[in-house]
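Just one chain is shown here, as structure tokens, and it is the form predicted alone.
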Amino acid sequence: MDLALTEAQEMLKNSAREFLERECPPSLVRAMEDDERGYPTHLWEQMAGLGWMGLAFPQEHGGEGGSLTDLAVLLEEMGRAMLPGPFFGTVVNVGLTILDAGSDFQIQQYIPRLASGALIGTAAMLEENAQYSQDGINMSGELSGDSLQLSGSKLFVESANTADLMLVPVRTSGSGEHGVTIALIPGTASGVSMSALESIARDRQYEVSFNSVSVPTEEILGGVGEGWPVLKRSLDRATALHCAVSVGGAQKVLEMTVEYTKQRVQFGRPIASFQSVQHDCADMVNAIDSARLATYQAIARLEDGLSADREIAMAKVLANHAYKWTTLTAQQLHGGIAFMEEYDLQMWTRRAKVAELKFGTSGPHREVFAQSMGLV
């Protein structure tokens, strides 16, 4: 399996890095942590103008016709820059899920607007148990004539304050894999309310409550009670692609640390000349390269339509380790300055912790990997 980037992907990577270094410096990310909206609209419009929202959507639906690997290359650069905003939720969680399982009506209605950046989406998946599994979906949905009535709440919904469309899985019957139904709900629908939650990354996360929200049956994705296979594929894609975000963040932290150790002088010489510091940096490189390789391998299998549970689990475990290990080691090598609010490194450190929790912690993914290898 050749996982090397193509010439076009290298161009995408370089152009994205140049754009984000210019338009999304750490100073902007810092400012957006205190901004009510959470991201600048002008940056969203610029990204839309570059075709980034439509990168992975077919050309016949207003996209660029790119692949999941193309999208991963872009997301790695976004992770490197800590890009604020609803890109991941709009494109990955909502857009690709509708493209995968939507009716012709749903695809025609939503995909062109998602691809152009005119429509912002988010997924409201997690509940009190915070499980990314079929057993974690317990919010009630009841069929009544030609509509679905929703009541309950979802937690940790990203960018719900600006979302035009929410993808909401509920339970309409049964238990486990059976009876999960996915609804597409306007963010401004009657009966929808939200309250802000605190996040260590200071991104925009909300508890969203649904009080007898009525959803027409044509806005059900994948059929009544048949939503879990759709959601499973959506989570697989999102998990693998979010690993690319983590890899990008870890890569930037490594670069910052190497540069700092070359400048920081102790005992009359740069600390980069100390063997223990060199070993730490080499370990960071190994961790990041391993995570990147596993991530692109998992994405390649998804693109080929192959089973990728083992590869996704391995990628998530390695990406969690790489981002966490890199930021913690960077904190140690920087010394006290790394813990100062005024210094940028702490922003990546906080985001590494949030990334570790998204789409499941390492423990459940280790179990999936062990099962796939016949170890348990």
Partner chain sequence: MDFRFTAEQDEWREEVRAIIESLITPELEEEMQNNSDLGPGPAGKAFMRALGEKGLLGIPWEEKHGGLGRPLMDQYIFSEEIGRIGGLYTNSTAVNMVGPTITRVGTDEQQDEWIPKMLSGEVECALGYTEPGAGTDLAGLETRAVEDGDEFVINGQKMFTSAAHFSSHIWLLARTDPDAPKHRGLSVFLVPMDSPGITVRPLWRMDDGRTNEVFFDNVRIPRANQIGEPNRGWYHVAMALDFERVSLGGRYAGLLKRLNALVKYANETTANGAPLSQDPYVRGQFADLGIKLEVVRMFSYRTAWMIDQGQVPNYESSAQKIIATDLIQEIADFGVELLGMHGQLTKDSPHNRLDGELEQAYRSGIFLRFGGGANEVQRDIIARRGLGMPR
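Numbering follows the first chain given and starts at 1. Predicted model, so just to flag it, every value in this text is computed and none were measured.
Same protein, other form: the form predicted in complex with the partner chain, not shown, and the subject of what follows.
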A294 within 4.5 Å of the partner chain in the predicted complex, heavy atoms: yes
message: Please determine whether S173 contacts the partner chain in the predicted complex, using a 4.5 Å cut-off between heavy atoms.
response: no
query: Are any of the heavy atoms in E367 no more than 4.5 Å from a heavy atom of the partner chain in the predicted complex?
result: yes
task: Determine whether any heavy atom of Q278 comes within 4.5 Å of a heavy atom of the partner chain in the predicted complex, and answer yes or no.
output: yes
- request: Heavy atoms, 4.5 Å, the partner chain in the predicted complex: which of 147-155, 278-286, 123-131, 192-200 makes the cut? Say which one.
  value: 278-286
statement: If we test each of Q266, S273, S212, N138 for a heavy atom within 4.5 Å of the partner chain in the predicted complex, the one that passes is S273
- prompt: Given that the partner chain is left out here, which of A300, L235, L143, I107 has a heavy atom within 4.5 Å of it in the predicted complex?
  reply: A300
query: Looking at the partner chain in the predicted complex, which residues in 310-327 have at least one heavy atom within 4.5 Å of it?
result: R310, M314, V317, L318
